[in-house]
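What follows is one chain in structure tokens, specifically the form predicted alone.
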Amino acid sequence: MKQVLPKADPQRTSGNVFAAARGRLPGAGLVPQIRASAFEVYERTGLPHRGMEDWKYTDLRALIGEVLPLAPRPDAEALVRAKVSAQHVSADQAVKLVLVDGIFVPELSDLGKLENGLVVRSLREVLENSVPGDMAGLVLSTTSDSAISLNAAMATDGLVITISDGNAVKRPIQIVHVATGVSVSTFTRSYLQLGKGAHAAIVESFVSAERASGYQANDAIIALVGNEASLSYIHVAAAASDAVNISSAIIAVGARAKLDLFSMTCSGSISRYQGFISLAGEGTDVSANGVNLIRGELHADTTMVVDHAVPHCTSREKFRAVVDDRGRSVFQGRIVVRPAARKTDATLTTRALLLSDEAEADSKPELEILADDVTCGHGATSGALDNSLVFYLRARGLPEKDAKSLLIKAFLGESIEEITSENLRDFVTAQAEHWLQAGR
């Protein structure tokens, strides 16, 4: 795979980057200590590499070499460029919340008419106001994953969104991350809490402004979905073609709750979307789907771990990839069924469509079943477009490009149609069609 970023400066170690950034990182009380502990976790392994089983297909140590310096606060000129880019990706009727180069920008956001029960604050504001230690630990929580630990140590800003018990937020909430810099890194983190019986739809989009290039974005979201609550979460990464995007989601779902998650990657030199979903209450229903749309020499990795900890829960994963030129798509999906999780019903399917002889798709579905009386299965396939179907459509008057495009749309539709919200389904479909048009 082509290396698109500049070689790492030997003096620019991750430790140096963290040391240089510490004075700019928000946090009072126990927050600096939590950040230092998170960075110690990161330092034990450094950037994820192929020696780690979960990262064997996306070796960041080899692909990017080192963490770039933290992006400066956006100036007035950067905000102008960011505003233009944010407008281009707005979902219909959404409450738009804009972060530029890792900093929340209220003046580019829609904060004027938030619905009852919805509270939005910046992460910086929360961390600078002496939050209790347990709350700070929750917001900046980590796992054994070093990318998430680095994010906890370096997060400059993000959003803290709470929806109180019983409230159904009607308008989608769209978090738009805009990068404007060159050869810099950004770290953002958001915390989302849905109370009992609450309902919400979140769209998280990553875009680049004009002249932005060669940057690294590391984002994480921590979400707690309360009992009988419902969350639709859409993640769309469309970064600059020479950028790196690492996004992580840690989601705990309560009893009789519902989670619909969908991820789409359609640009960026190196992208990794990883989700860690814990079904923590009985009667929970999780749908985790996604697509990778890859061409050129891009590399996109989607890794999803669904952890069944309690009985009587259902999960469905349906992932699709379309890969052209010398692109590489990776999908790793693991379903864990713990000893107490009787009557679990879980399936995982992944399919890849290869449009060129040099395209590559790696699929690694796994089942880790530690309980009896469960129904679980997985499957993985890859192949080219069916020439007989192309011929059939051409025989009915469609040009070859239109025939192939129609078949690709149908292939992607198998996953996109799982999005329950019509509004968000249309938004994702439009992103996919834009990708198809760009390649014609």
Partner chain sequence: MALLEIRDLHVGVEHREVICGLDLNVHAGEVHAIMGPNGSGKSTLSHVIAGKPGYEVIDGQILFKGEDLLEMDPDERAAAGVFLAFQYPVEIAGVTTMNFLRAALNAQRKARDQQEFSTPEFLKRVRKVAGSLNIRQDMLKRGVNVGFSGGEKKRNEILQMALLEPSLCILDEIDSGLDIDALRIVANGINGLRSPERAMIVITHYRRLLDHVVPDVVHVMSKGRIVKSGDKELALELEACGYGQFEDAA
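None of these values were measured; they are calculated from a predicted model. Positions refer to the first chain, counted from 1.
We do not show the form predicted together with its partner chain, though everything after this point is about it.
Peer 1: Name the residue from 389, 62, 36, 371 that puts a heavy atom within 4.5 Å of its partner chain in the predicted complex.
Peer 2: By the 4.5 Å criterion, the partner-contacting residue is 389.
Peer 1: Among 28, 52, 406, 384, which has any heavy atom within 4.5 Å of its partner chain in the predicted complex?
Peer 2: Checking each option against its partner chain in the predicted complex, the one that comes within 4.5 Å is 406.
Peer 1: Looking at 371-379, 66-74, 40-48, 407-415, which one sits within 4.5 Å of its partner chain in the predicted complex if you count heavy atoms only?
Peer 2: This holds for exactly one stretch, 407-415.
Peer 1: Answer for residue 56 alone: is it within 4.5 Å of its partner chain in the predicted complex, judged on heavy atom distances?
Peer 2: No, residue 56 stays farther than 4.5 Å from its partner chain in the predicted complex.
Peer 1: Of 397-434, which residues get within 4.5 Å of its partner chain in the predicted complex if you count heavy atoms?
Peer 2: The stretch touches the partner through 397, 398, 399, 400, 406, 407, 410.
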